[in-house]
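What follows is one chain in structure tokens, specifically the form predicted alone.
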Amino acid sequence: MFVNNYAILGGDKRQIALIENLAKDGANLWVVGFDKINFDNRIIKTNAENAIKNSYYIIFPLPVTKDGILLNSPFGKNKLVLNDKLAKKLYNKKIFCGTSEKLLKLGKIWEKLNIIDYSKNLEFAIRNSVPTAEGAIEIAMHEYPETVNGSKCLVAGFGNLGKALSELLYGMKAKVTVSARKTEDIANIECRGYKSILTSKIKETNDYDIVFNTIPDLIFDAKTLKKFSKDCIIIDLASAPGGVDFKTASKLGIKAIQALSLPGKVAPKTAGLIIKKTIYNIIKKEEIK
């Protein structure tokens, strides 16, 4: 059943790298939404109906859609509407996507499809944390008027991204404080040589030059931001809507940057390879079952 056939529908530079990697592996590829890109002749540019008909695996981008209506396809000339008509063509297909929430909200037909969200896969999260962390530090180096070396940095959250980010900052000789909710994470933070703080206590502190938020909750609300210096820079890495009250930050004169999809901007080739590896391993696990 076309087990080596893939339809790639939309996406940014990460998906371009994914397509090129799949082609190197000998996959048969039908792509949609890449009219502005020149591919190898083996890669077939076509419409959604033909791509889906000829493929078993369907890969949507990360994010699938930005407005909840149209496919995220910045390199396409025509807009593809994510409607029930398209969903009906996806029955009996294995569908991969990133950030599936908006896709599943499109209607009951979409909920019945075999959709696998690769962005929620732990392997993906771990691998993706490094290019995200590097991208965040790149922003800090551009926006902060002094060196990251020696700066007082707060990393809010000690998940995969928080761990990668704090390690890179520590290696750059920044003064790193990391927040966590659990006492066992606090112990882990301190054993790595960083300063620690409970996430609930962030609102009681303010002595930071650069703040990196990785927590998808409103940690930096108006009350917390009012204690921060106007010279502090906040880089929000949490998924939308993020963890920062951007309106209040603007009123207070605090530079707050919402930094989404960093791997696709700073390391698209690496990000595309990560997506491919994750999907391959998901398929292997499914086959074992």
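Remember, predicted model here, so these are calculated numbers, not experimental data. Residue positions are given as counts along the sequence shown, with the first one as 1.
There is also a form predicted in complex with another copy of the chain; it is not shown, and the following applies to it.
Heavy atoms within 4.5 Å of another copy of the chain in the predicted complex map, among the stretches 112-120, 82-90, 139-147, 99-107, onto 139-147 alone.
Asp217 falls outside the set of residues with a heavy atom inside 4.5 Å of another copy of the chain in the predicted complex.
Contact annotation: Ile279 falls outside 4.5 Å of another copy of the chain in the predicted complex, judged by heavy atom distances. Although the partner is absent here, Ala23 lies well away from another copy of the chain in the predicted complex, with no heavy atom inside 4.5 Å. When another copy of the chain is considered in the predicted complex, Asp221 lies well away from it, no heavy atom lying within 4.5 Å. In the predicted complex, Thr183, Glu184, Ile186, Ala187, Asn188, Glu190, Cys191, Arg192, Gly193 are the residues of 182-218 with at least one heavy atom within 4.5 Å of another copy of the chain, listed from first to last.
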